[in-house]
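The chain below stands alone, shown as structure tokens; this is the form predicted on its own.
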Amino acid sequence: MNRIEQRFAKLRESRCTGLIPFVTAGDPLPEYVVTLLHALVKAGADLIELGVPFSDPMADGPVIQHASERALQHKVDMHKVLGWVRTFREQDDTTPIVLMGYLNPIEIYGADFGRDAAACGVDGVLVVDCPIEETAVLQPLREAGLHTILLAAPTTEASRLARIARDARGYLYYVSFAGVTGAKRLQVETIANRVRQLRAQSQAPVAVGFGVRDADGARAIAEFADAVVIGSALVEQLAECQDIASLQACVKRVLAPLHQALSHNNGVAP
């Protein structure tokens, strides 16, 4: 098992719902990335989704788009992202890290990406613009030991959903509504029905994201999902941080209530 499988096994054993924060690599400032990753873990992160900045992030709302723009202004690229993961691993060899982004930066990096990412300590890759029909292009990443995390959405039709559920490894990311990241709406009953359908078809845990903004939303999702992803609500607050102290305080302020809510949840049935 890689770190993702190990972490979800531990969560199942303790009957807790996982907390997965998303942050953009290089935002608010490149020199804070490793400190930010450790702060996320200290505040209760079970896994971390590290966004790779990209100029045309089609699935991301304004908050994460702006975060990518700021990171790109600081010349953040895939080489720097992998370097930060390698440095993070010097002190933390257990927290799973999934790179989340788009196919273009991977292709620009070249054929050695999978091998180099695994060597640096990356555990999985979620490529937003690579649908299930095209995932053969990610086979070198799987051969290098990385999980290629798949996405499902409310608009995914039944036959594709069955294939996604069957092929999912690490965890399956369920997009909670049809739209971009950061929207302020959660139709919990609708999401619950869809997630239960996925969990019945897949051996992989199901994480829900794209609309969770606070502890109440996380607690509601935790009733039926294996993990909760929080992105825009955190990235929006981090954008205001200009020093390490404010960054660490921000992470604690945003994540602590969610961690507490999920830790006191009995978790979904195995």
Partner chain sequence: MQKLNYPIEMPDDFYQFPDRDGRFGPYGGSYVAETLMAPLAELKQAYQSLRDDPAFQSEMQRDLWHYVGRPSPIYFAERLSRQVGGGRILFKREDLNHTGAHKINNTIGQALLARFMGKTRIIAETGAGQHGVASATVAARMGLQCVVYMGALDMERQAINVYRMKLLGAEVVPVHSGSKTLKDALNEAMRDWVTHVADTFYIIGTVAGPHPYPMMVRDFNAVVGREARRQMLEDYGRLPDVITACIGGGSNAIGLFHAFLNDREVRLVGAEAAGEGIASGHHAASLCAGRPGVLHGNRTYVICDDDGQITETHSISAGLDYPGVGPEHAFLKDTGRAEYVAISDDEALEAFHLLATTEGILPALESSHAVAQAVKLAGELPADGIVLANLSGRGDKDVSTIAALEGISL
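Numbering follows the first chain given and starts at 1. Nothing here was measured: the structure is a model prediction, and the numbers come from that model.
Just so you know, the form predicted together with its partner chain exists too; it's not on screen, but the next bit is about it.
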Verify the contact flag for Asp27: yes if a non-hydrogen atom of it lies within 4.5 Å of a non-hydrogen atom of its partner chain in the predicted complex, no if not. no
Ile149: touches its partner chain in the predicted complex, heavy atom cutoff 4.5 angstroms: no
Quick one: does Ile244 come within 4.5 Å of its partner chain in the predicted complex, counting heavy atoms only? no
Contact flag, Asn104 vs its partner chain in the predicted complex, heavy atom cut 4.5 Å: yes
Could you spot which one of Val175, Ala117, Ala168, Leu126 gets a heavy atom to within 4.5 Å of its partner chain in the predicted complex? Val175
Stretch from 28-36, 228-236, 213-221, 46-54 whose residues place a heavy atom within 4.5 Å of its partner chain in the predicted complex: 46-54
Residues from 139-160 in contact with its partner chain (non-hydrogen atom within 4.5 Å) in the predicted complex: Pro140, Leu141, Leu151, Ala152, Ala153, Thr155, Thr156, Arg160
